[in-house]
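In structure tokens, the next block holds one chain alone, the form predicted alone.
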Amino acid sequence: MKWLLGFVAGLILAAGANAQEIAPDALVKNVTEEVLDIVRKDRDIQNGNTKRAIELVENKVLPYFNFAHMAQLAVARNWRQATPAQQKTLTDEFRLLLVRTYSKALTEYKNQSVDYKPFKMQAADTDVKVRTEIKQPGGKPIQLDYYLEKQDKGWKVYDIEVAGVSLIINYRESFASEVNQGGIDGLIKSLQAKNRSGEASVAKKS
């Protein structure tokens, strides 16, 4: 779970930053350093205030995710079985699931630091990979790679890899199992149940 802190930090934009004017690698680096500084000073988040972390993620992170694309990639070929209404619900529930996961990671900050790997891209590139490494006190470094796509409103993240393993692919296996057992509605119900459980956990901590 600790590696998620770096992921969240790398996605939260500072107030006033314009994603369209910042290269994807610079975006990740600048924002990561600023957010880590914020978290170091925020005692509420450090003490496990998940509600405060969720508010931070919702206010600063969400505009820079392409949740529709992420949900489509995670559901894979079963996406075509879903109606437009089901696709919207899947996107919303997947978004909420990730927000709660990333918010929890913010409350687990333990002085991690981030190294940024060399980055190259062509002027015409619209799909890039930004490589970083999360260093943990007393633990092995964790490779964390971001996949971003350029859209009209700037760069957005649609997948990450942790130690070479795709977040989307990890979800894809479990989602396929849920669809095989209960169809698209079964997957939706499973996601809704997980999110309700997360809501209860946040309420309890708050």
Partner chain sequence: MFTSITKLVAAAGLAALLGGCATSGNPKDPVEGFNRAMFAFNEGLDKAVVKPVAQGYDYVAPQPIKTGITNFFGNIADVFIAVNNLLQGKLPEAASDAGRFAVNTTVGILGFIDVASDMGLEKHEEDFGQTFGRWGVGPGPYVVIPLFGPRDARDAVGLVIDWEVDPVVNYPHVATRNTLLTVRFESGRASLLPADKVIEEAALDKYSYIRDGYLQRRRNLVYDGNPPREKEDD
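Numbering follows the first chain given and starts at 1. Everything quoted here is computed from the prediction, not taken from an experiment.
Not on display, but discussed next: the form predicted in complex with the partner chain.
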Practice problem: Tell me whether 140, 169 and 191, taken together, all sit within 4.5 Å of the partner chain in the predicted bound form, counting heavy atoms only. | Solution: yes
Quiz item: Would residue 161 sit within 4.5 Å of the partner chain in the predicted bound form, counting heavy atoms only?
Solution: yes
Quiz item: Might residue 173 be said to contact the partner chain in the predicted bound form, defining contact as any heavy atom within 4.5 Å?
Solution: yes
Exercise. Verify the contact flag for residue 165: yes if a non-hydrogen atom of it lies within 4.5 Å of a non-hydrogen atom of the partner chain in the predicted bound form, no if not.
Key: yes
Quiz item: Is there a heavy atom of residue 147 no more than 4.5 Å from a heavy atom of the partner chain in the predicted bound form?
Solution: yes
Practice problem: Pick the stretch from 37 to 45, 22 to 30, 149 to 157, 66 to 74 whose residues have a heavy atom within 4.5 Å of the partner chain in the predicted bound form. | Solution: 66 to 74
Practice problem: Can you tell me which bits of 95 to 111 touch the partner chain in the predicted bound form, meaning any heavy atom within 4.5 Å? | Solution: 97, 100, 101, 104, 105, 108
